[in-house]
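What follows is one chain in structure tokens, specifically the form predicted alone.
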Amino acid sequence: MATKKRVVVIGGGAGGALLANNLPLEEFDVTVIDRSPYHYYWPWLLYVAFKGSKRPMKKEIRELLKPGVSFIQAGAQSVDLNNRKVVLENGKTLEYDYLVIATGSRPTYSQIGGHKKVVERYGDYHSSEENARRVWNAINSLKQGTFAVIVGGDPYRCPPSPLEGVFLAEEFFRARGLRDKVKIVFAVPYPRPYPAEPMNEVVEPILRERGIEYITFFTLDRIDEEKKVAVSMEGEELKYDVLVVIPPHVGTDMKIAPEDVLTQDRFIQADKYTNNIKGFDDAFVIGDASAVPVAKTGVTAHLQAGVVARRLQGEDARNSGRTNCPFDLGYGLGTFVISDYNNPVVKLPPSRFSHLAKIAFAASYWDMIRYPELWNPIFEAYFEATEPAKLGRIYV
């Protein structure tokens, strides 16, 4: 009987859990390690922050992994790629034949002066359920004045999320009869509200229609919470009463040798088609932890996990760079940010179907993680039917 290949997966989020559950256990001895016992459905923070949702958004990682997949609750302290070793924070050392890093990204509050104090006061919806609840409490306490959302810098998780928050906040204040008393301002460091021009052509008219002010080329430098003013590097000031900053994200906090696989922000460099870590054919990085030039979203991690699982089984699978980010526009409307390496973002118009698809995905999420063998054919059919090249010929 052939010896099973040892696969160590660092991270039990969407990418790591899907990768583990997609591998045949008669061929692989799979171990998932994670500092947390829980897997979080991070996109739901949006609805905690702006809808006050109390729906549970986490499950135990053990519960989501197939029987036979090992789980170790421990942080990974260091990775030695040359010697195929992972050292855990509890002192245990794991050796592997294949390594997959899926540790995600982390918000950082040290790059912008005053940022931490603002998060402690008003929260955000990119870090924790506790901070998302702070946003909900903050918007409920605002009866008049200015509510501002500022993109604090790149990269950050889920590209549509800043504007999703703005649209849901506008819906919130209008539903409470406060829209004429609360000014909503959205500030970005880009030349337009949404970075990709085709999608900007969809959302910028909605901003205007709903009376939401936006400021471009606003590179956030510092925040003075006592004076309630945010100051850009360009010298512009934005006064606010409640402020939510989309925090820039950084990569892994593990020590990795050799260090030259890491970027300055600690994202891991990899081949954009195969997800092989730079210089290593036995190690991969998937999802937000990678420096691959695609959106940091769960869909990206999902697709990359499938590619790596197939490559470990000997197939020449390759990533297309496909994105498929659901985008809540408020009032029961939505769209999707769809693109790939060869095609720009599709100018997909708002529809109720897109919004319902986002909500349906959230409702089915845990089953998708636990039973990929049932959902993979559905996703394959969906992605084929919605290829950017096809949609781009329809929506111009």
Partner chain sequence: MAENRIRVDARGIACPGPITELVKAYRNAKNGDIIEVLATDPGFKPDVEAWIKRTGNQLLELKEEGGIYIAVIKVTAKK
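Positions refer to the first chain, counted from 1. Keep in mind that what you see is a predicted model, and the values were worked out from it rather than measured.
If you look for the form predicted together with the partner chain, you will not find it shown, but the lines that follow are about it.
(request) Determine which one of 252 to 260, 162 to 170, 89 to 97, 110 to 118 lies within 4.5 Å of the partner chain in the predicted complex, judging by heavy atom distances; exactly one does. (result) That would be 110 to 118.
(request) Decide yes or no: are 205, 335 and 380 jointly within 4.5 Å of the partner chain in the predicted complex, with each residue judged by its heavy atoms? (result) No, because 205, 335 and 380 lack any heavy atom that approaches the partner chain to within 4.5 Å in the predicted complex.
(request) May I ask you to check whether residue 306 falls inside a 4.5 Å heavy atom distance of the partner chain in the predicted complex? (result) No, residue 306 is distant from the partner.
(request) May I ask you to check whether residue 194 falls inside a 4.5 Å heavy atom distance of the partner chain in the predicted complex? (result) Because a heavy atom of residue 194 falls inside 4.5 Å of the partner chain in the predicted complex, the answer is yes.
(request) Would you please decide whether residue 85 lies within 4.5 angstroms of the partner chain in the predicted complex, comparing each non-hydrogen atom pair? (result) Outside the cut-off, so no.
(request) May I ask you to state whether residue 201 is within 4.5 Å of the partner chain in the predicted complex, using heavy atom distances? (result) No, residue 201 is distant from the partner.
(message) Using a 4.5 Å heavy atom cut-off, which residue among 145, 211, 279, 155 comes into contact with the partner chain in the predicted complex?
(response) Partner contact (heavy atom, 4.5 Å) among the options: 155.
(message) Under a 4.5 angstroms heavy atom criterion, identify the one residue in 32, 48, 61, 345 near the partner chain in the predicted complex.
(response) Answer to the contact question: 345.
(request) Just give me the residues of 198 to 217, first to last, that have a heavy atom within 4.5 Å of the partner chain in the predicted complex. (result) The stretch touches the partner through 216, 217.
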